[in-house]
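Only one chain is shown below, in structure tokens, and it's the form predicted alone.
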């Protein structure tokens, strides 16, 4: 009787470990998929972080926390946001490795750079 109980306990424990491992793998994959995306805050007339490194395929979201509008403009002219009022957001995906400099179209002293590295 004790051996039968030990076998059932061992099977139940192994099943619970397998389920736990599967759940851990599932949640790790979800976190890794979300980790590729990033945010840049616009606050106090500055982009934060000023330099951001992401992987290819990442989406970067700019959010304006200032009380006045800002524009996100690529130095090479490849993208330009609308005027972002307080709490407005602008997102762009970066597919190719490289360095992408940008500035605020209304306040050119505000500058930043996104580095896409494999």
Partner chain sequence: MAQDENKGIDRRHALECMIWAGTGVLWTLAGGVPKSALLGSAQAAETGFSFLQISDSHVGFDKPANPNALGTLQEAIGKIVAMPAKPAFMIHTGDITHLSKPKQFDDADQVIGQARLDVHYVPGEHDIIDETQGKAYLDRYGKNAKGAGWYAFDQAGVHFIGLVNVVDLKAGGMGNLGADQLAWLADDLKGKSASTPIVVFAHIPLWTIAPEWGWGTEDSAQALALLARFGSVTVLNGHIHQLMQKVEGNVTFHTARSTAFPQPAPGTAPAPGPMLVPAGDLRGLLGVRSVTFQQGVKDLAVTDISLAP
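Positions refer to the first chain, counted from 1. Since the model is a prediction, treat every value here as computed from it, not as a measurement.
What follows is about the form predicted in complex with the partner chain, which we do not show.
When the partner chain is considered in the predicted bound form, residue 51 lies well away from it, no heavy atom lying within 4.5 Å.
Although the partner is absent here, residue 80 sits close enough that one of its heavy atoms falls within 4.5 Å of the partner chain in the predicted bound form. Contact between residue 98 and the partner chain in the predicted bound form is not found at the 4.5 Å heavy atom cutoff. Using a 4.5 Å cutoff between non-hydrogen atoms, residue 60 does not count as a contact of the partner chain in the predicted bound form. Heavy atoms closer than or equal to 4.5 Å to the partner chain in the predicted bound form belong, across 85 to 116, to the residues 85, 86, 103, 105, 106, 107, 108, 109, 111, ordered by sequence position.
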